[in-house]
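One chain comes next, on its own, written out as structure tokens in the form predicted on its own.
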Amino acid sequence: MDILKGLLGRAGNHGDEGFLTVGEVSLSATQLIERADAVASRIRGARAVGICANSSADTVVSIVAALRAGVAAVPIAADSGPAERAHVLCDSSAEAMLGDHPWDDVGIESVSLDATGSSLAHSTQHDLDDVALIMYTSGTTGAPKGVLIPERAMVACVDGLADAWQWTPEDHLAHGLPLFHVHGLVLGMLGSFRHGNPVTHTERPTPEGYAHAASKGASLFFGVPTVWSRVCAEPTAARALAGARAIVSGSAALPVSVFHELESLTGLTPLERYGMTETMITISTRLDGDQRPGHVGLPLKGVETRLRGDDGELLEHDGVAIGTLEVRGTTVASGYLGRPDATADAMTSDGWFITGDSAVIGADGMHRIVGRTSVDIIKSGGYKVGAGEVEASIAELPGVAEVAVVGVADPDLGQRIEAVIVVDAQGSIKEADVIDHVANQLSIHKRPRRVHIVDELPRNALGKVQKAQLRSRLEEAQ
């Protein structure tokens, strides 16, 4: 497969040893391929397989096995709750779980990574032949949607980033990002497998872990703003990165103060990029170009961008006009699984994907993301969380009459999730119960950090909850 080109080329050649390191586990390129191929032979012909995407070498082996077998991989957060898992597995029609997992409620068979394990008795459905990954993204309402990601989109993305960041087989990439997200999985792992560079996953994105990776020769580091904020809070760890070639921040806006602090402590100017699950990465600053605080750069090769105003008209790229960002190009995914309506809603008639983010584009092409066009996507600690999904979970609790979930500005997380609840006449709600319920039903990172009980929610004349007003009130009260 093209996305594994560098990995396959590295096997048996110079740099084979220690090609993949996850925590204390190290695999050569040859060992990784051999382990993956032993599993691939037992799942070939299946439609899709679920993978408990924890921070382990087994997760990487499972992903490579699915790719080698031509089977769609469905990464699932290790901390996902039963409702979330049930939806993802049912919606994707995954035929089995690949590798070990701690869940006894999945309702489908498991295929071990043991070379002596049995083969999967799979169905004959082949409607996902061009899909490499099905990655679930939180929508503004309802359950997460499965994004159909073909190999060609991943290759276009990581090749575009190689051009922007001068990413080569001589690099050694280090990161500790989740392997169920585009950032950690597609960029961090599969990008390395495309380009043939060694990769170290630190299991958790801690300052100590990044500093240790730097001491082992890592030259390229990926992180989200929360990670870089915490690295800056430990100057000794930050200074350990001074020997690296580049550090990259994404998944949310990097605060300008953190940008400058990173630059001061490491001597490196952070590279920022922009993208989403549905489009992969589309925009980035360049190593040989302008790395401007508060800006995410220029479109990658093969990507076009434009702005549309509230009146539906296209806007000038004058560095002032704010509009909804639309993108078109080779990195865009194939659509949403089983949701032609949602796919159509996300695309214009002439083939542009509507990101839902507000942006400004300068005459020089530099992009600045102003914020989410909708307040219903919360970016917290590098995770993107749909408010509707959290609201649906909280609404299950006895005593909840109404609920609104918003993202409130937070210096560490970027945004923290807060829930505002109206309790019914007979009910009573405890903050801890709400937080625990969401953490157990969804994912831990989707839990509200604070819960507020109010008499009523602010609404407009049509009865719609005014979330922007609600968020402003909470931020003013901080």
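Just so it is clear, the structure is predicted and the values come from calculations on it, not from any experiment. Start at 1 with the first residue shown and count on from there.
One more form of this protein should be noted, the form predicted together with adenosine monophosphate, which is absent from this view; the next part is about it.
- Residue 260 falls outside the set of residues with a heavy atom inside 4.5 Å of adenosine monophosphate in the model of the complex.
- Using a 4.5 angstroms threshold between heavy atoms, residue 100 stays clear of adenosine monophosphate in the model of the complex.
- In the model of the complex, none of the heavy atoms of residue 200 sits within 4.5 Å of a heavy atom of adenosine monophosphate.
- Although the partner is absent here, residue 369 lies within 4.5 Å of adenosine monophosphate in the model of the complex, judged by heavy atoms.
- Although the partner is absent from the chain shown here, 253, 277 and 357 each have a heavy atom within 4.5 Å of adenosine monophosphate in the model of the complex.
- This chain is displayed without adenosine monophosphate, yet in the model of the complex the stretch 266-274 from 266-274, 163-171, 189-197, 316-324 comes within 4.5 Å of it by heavy atoms.
- Distance criterion of 4.5 Å from any heavy atom to adenosine monophosphate in the model of the complex singles out 379 from the list 379, 286, 239, 292.
- Out of the listed residues 112, 374, 334, 137, 137 is the one that sits within 4.5 Å of adenosine monophosphate in the model of the complex by at least one heavy atom.
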